[in-house]
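Presented below, as structure tokens, is a lone chain in the form predicted on its own.
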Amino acid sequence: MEFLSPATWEEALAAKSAHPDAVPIMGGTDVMVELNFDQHRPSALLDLTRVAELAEWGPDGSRVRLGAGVSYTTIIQRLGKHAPALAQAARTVASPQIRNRGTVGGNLGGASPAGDSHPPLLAADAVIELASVHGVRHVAAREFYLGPRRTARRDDELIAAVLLPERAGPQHFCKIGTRNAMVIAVASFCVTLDAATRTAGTGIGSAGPTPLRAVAAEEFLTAEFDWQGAGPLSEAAVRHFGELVASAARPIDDVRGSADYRKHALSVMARRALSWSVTDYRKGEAQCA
């Protein structure tokens, strides 16, 4: 196995172009597990830890640009105000040691349907920045996931960053697992309310071949919610929202849970996340008034 260790972003892109089969590694929290258990043996590893700009984040016009190498710990400590759902999801990732090493870029690269960062990125309508020696392109998170561990990233491209829209309302992430900590999601869910566009966003994890959106639930909530007066949603509306979220899932039975359990859990999490979000939205309206 060849080991490539570029010092700059330009060198990294050139190395990926010359070795399209090389597996990028920064935190190594997924890649090293696969190597240790001999699940995957790539021809080359592309170590990106020396590429400093990947660990940077900051404003990018009306958005926040999150480098692909920013750790979960940094997201928790620094981005809670900009991306609260993503920060909530980051808190649920494994142990402090793993959160210090793991990155959203790595989560995107692995594209596991159970990845904790995927539902917040879908719900917030984030954009993935991909780069190669031929240039840069942007792919909406909602178009990034193509199949089980398959994404829109081309073989010669690296994930450079995630672009997060300016937050304009509450965001909440929920996750259920076989225990309370250091656990892979049995199912996860995220909802966002955008007061600027008066739209809702959703993201479902670990309940389908890819991370999913509940489009019908988004459309229902967008039409049903009182964006102007922020009045409460009826119990029937909240329950129907949960049912629509559950119906969007495509789960399977596996060692972590049955398909029926996943659908039930998603319905419950959707109702809770929506209730929290509506409460936060109404508080925000009151403060503005």
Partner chain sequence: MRVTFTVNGERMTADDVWPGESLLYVLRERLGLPGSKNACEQGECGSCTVYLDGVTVCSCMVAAGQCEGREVGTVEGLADDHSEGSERRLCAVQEAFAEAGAVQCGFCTPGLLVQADDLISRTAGAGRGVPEDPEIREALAGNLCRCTGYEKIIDAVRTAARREHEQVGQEAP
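Because the structure is a prediction, the values reported are computed rather than measured. Numbering follows the first chain given and starts at 1.
There is also a form predicted together with its partner chain; it is not shown, and the following applies to it.
Trainee: Give me the residue from 238, 35, 230, 244 that has a heavy atom within 4.5 Å of its partner chain in the predicted complex.
Mentor: Exactly one residue meets the criterion: 35.
Trainee: Can you pick the one in 101, 142, 153, 82 that has a heavy atom within 4.5 Å of its partner chain in the predicted complex?
Mentor: Going through each option in turn, the one that passes is 101.
Trainee: If we take heavy atoms and a 4.5 Å cut-off, which stretch out of 244 to 252, 218 to 226, 26 to 34, 61 to 69 is in contact with its partner chain in the predicted complex?
Mentor: Of the options given, it is 26 to 34.
Trainee: Should residue 95 be counted as a contact of its partner chain in the predicted complex, where contact means heavy atoms within 4.5 Å?
Mentor: Contact with its partner chain, yes.
Trainee: Given that its partner chain is not shown alongside this chain, does residue 182 nevertheless sit within 4.5 Å of it in the predicted complex, heavy atom to heavy atom?
Mentor: The answer is yes: residue 182 has a heavy atom within 4.5 Å of its partner chain.
Trainee: Spell out, yes or no, whether the shortest heavy atom distance between residue 213 and its partner chain in the predicted complex is within 4.5 Å.
Mentor: Judged by the heavy-atom cut-off of 4.5 Å, residue 213 is well away from its partner chain in the predicted complex.
Trainee: According to a 4.5 angstroms non-hydrogen atom cut-off, is residue 91 in contact with its partner chain in the predicted complex?
Mentor: Yes, residue 91 lies within 4.5 Å of its partner chain in the predicted complex.
Trainee: Verify the flagged residues 1, 41 and 50 against its partner chain in the predicted complex: is each one within 4.5 Å by a non-hydrogen atom?
Mentor: Yes: 1, 41 and 50 each sit within 4.5 Å of its partner chain in the predicted complex.
Trainee: Enumerate the residues of 218 to 243 that have a non-hydrogen atom within 4.5 Å of its partner chain in the predicted complex, in sequence order, or give none.
Mentor: None of them.
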